[in-house]
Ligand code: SAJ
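Consider the single chain below, provided in structure tokens and representing the form predicted alone.
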């Protein structure tokens, strides 16, 4: 079959027309970078015309970005490729039949992490759409982070059933996971090495042909489809583990009355041949679409694999324990808040909390799975009144988000920083206290944004993640 596919792809010729399914944080920058390449003639962005996201179609076709927050050069590049006639967004999935290659960048959350059951509903529907209109010789690439085994398993089965074609014979199939971070989408796609894994060598080679033109300093790292799936889930799992390690250390430092940032700097100072520490920073929790669920994709990949795992039965893996540490951090933020209110002589019931930041990452509008949400829920359960400010997040289901910082701070008992937006670094203690109108207002810093002494000297009750040296300060 491999020889048949190789000959079919050779006869088809170079990739010229590409479809990108999913106009989000991954699909949009990928599509416009393809469109900006001289190697390709036309890029079609496929987006469902739904009530929640259909608005993106017209915006993109006007050359506007539906992604808010700071995303360098993205809007300008969208405008450029639209004016050049090289990019068009559509809800007509039948046009998949026109393309030489199609990529899918669709979210893959977990409906039940405890049972390791992913919600592949959106991805399955996207794969079905591709299968319905799939032509011979087309390359299909999954960019979504998926459970290891999905490309050559579930995705292949759906594509073959819907199309009547055979993967590895009539069409090419590969996994090339995205490796982007909001705030640097274009740069990441160009500069990060690209992991590419086909179900066979012709599929891998065709996918390499697709992605090579958009890489600048990045290079291609080829492997099998399953190895590529494990690479993506593992790299996010390792990052989650690193964050959990510093969060755990922050909790220890609080208990021992010391500053975690002193300890972090000390650990990070040991450098030399063969020494790598990669010490990250503690915080109020981990959010986003990737780190909050990719550990479970990796765990599920082992669960459904054919060979048995040699590990103590019934015990959490190191990776799952890390997830639990990071999930605990919003709870710890609530504990700090309750302790600070008590020191200020106030009860949670009726106290107003001004929550600064809803997005999970600074200077972005990305509010997928934010740690601010469980923190807010805990405050509401305790009887607090919560008002949320975020300069970038326009709206969020079930949550009123203000863009007027002074209004959120006015008469608040607590100022809680959940996101390190640039705007919050500029907030002065005297200004915040005047707006809050409290003798001893509370500040709970979940991102090390403020200088503690500035607020303590202004009369605040201060609490900060990992700041055991300041969390029991004398009242001013």
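Positions refer to the first chain, counted from 1. Remember, predicted model here, so these are calculated numbers, not experimental data.
The form predicted together with the ligand exists for this protein as well; it is not shown, and the discussion that follows is about that form.
Partner contact region in the predicted complex: 238-246, out of 238-246, 200-208, 167-175, 89-97, criterion any non-hydrogen atom within 4.5 Å of the ligand. Shown alone here, residue 375 lies farther than 4.5 Å from the ligand in the predicted complex, counting heavy atoms only. Proximity of residue 179 to the ligand in the predicted complex falls within the 4.5 Å heavy atom cutoff. In the predicted complex, at least one heavy atom of residue 232 sits within 4.5 Å of the ligand. In the predicted complex, at least one heavy atom of residue 280 sits within 4.5 Å of a heavy atom of the ligand. Contact annotation for the candidate site: 286, 361 and 447 all lie close to the ligand in the predicted complex (heavy atom within 4.5 Å). Contact with the ligand in the predicted complex, defined as a heavy atom within 4.5 Å, holds for exactly one of 184, 80, 335, 346, namely 184. Of the candidates 105, 367, 225, 290, 290 is the one whose heavy atoms come within 4.5 Å of the ligand in the predicted complex; the others do not.
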